[in-house]
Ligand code: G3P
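Below you'll find only one chain, the form predicted alone, shown as structure tokens.
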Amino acid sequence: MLQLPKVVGHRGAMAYAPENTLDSFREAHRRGATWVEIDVKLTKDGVPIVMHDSSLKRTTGVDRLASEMTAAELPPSVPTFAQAIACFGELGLGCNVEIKPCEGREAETARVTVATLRDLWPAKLPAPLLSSFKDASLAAARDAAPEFARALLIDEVKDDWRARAEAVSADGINTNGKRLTAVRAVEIRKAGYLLSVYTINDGDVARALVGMGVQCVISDAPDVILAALR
């Protein structure tokens, strides 16, 4: 069974450094995180990169879609997935890899992501966790590389959560901590799933969620949550 840390840095440590950058991963490590969460999508030429939005405008100022750019055209601040993995190996960081496909590339993005992990993931690091809001991505990841644990991302846990999780053979549920109820938390844990929440930056809220059964808190400020949970 996959063992997750109590705290994971969201897109690195985005309260302190630009999200999904090598600087952000290093900052998360400096502030005590042992794992980070990142987003992976594909460029026009099929290279997996670390980027949350479909467009690069918000994070880099470049008003173009990632799916319309080749890897060679990317700003230097946008790491490839391979560069991120090398950084994790250097720092000893585990990773929750969110498959964040551009529209219509759900299965393709999953297959490229797991192929990259198989080729490059350092044996010395804990096995990564794959997550996605896209059921099709998780199903494709399971079919291509069943050895990697998977978590279904759900903004709000509704009555169909378990059917969706079973359909993609998920090991865990990653959900919005601000919308999670104690009843749902107990339901998920009793069913044997790992339970993680995003994006919690308040220590008191984190403690309350852990009291409800949450095992892992994803935070922009991992040092704040680590201190609160000690």
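Just count from 1 along the sequence shown to find any residue number. Note that the coordinates shown come from a computational prediction; the quantities given were computed from them, not determined experimentally.
Just so it is clear, the following notes concern the form predicted in complex with the ligand, a form of the same protein that is not shown.
> R150, D171 and C216: each with a heavy atom within 4.5 Å of the ligand in the predicted complex?
Not one of the three qualifies.
> Look up in the predicted complex whether E37 has a non-hydrogen atom within 4.5 angstroms of the ligand, and give yes or no.
Taking the distances in the predicted complex, the answer for E37 is yes, it comes within 4.5 Å of the ligand.
> Counting only non-hydrogen atoms and a 4.5 angstroms cut-off, does W121 reach the ligand in the predicted complex?
No - in the predicted complex, heavy atoms of W121 and the ligand never come within 4.5 Å of each other.
> Is there a heavy atom of H52 lying 4.5 Å or less from a heavy atom of the ligand in the predicted complex?
Flag for H52 set to yes.
> So, K100 and the ligand: in the predicted complex, are they within 4.5 Å at any heavy atom pair?
The answer is yes: K100 has a heavy atom within 4.5 Å of the ligand.
> Heavy atoms within 4.5 Å of the ligand in the predicted complex: which stretch among 92-100, 139-147, 107-115, 74-82?
In the other structure, the partner sits against 92-100.
> Going through 9-25, which residues have a heavy atom within 4.5 Å of the ligand in the predicted complex? Please give them in sequence order.
Heavy-atom contacts within 4.5 Å come from H10, R11.
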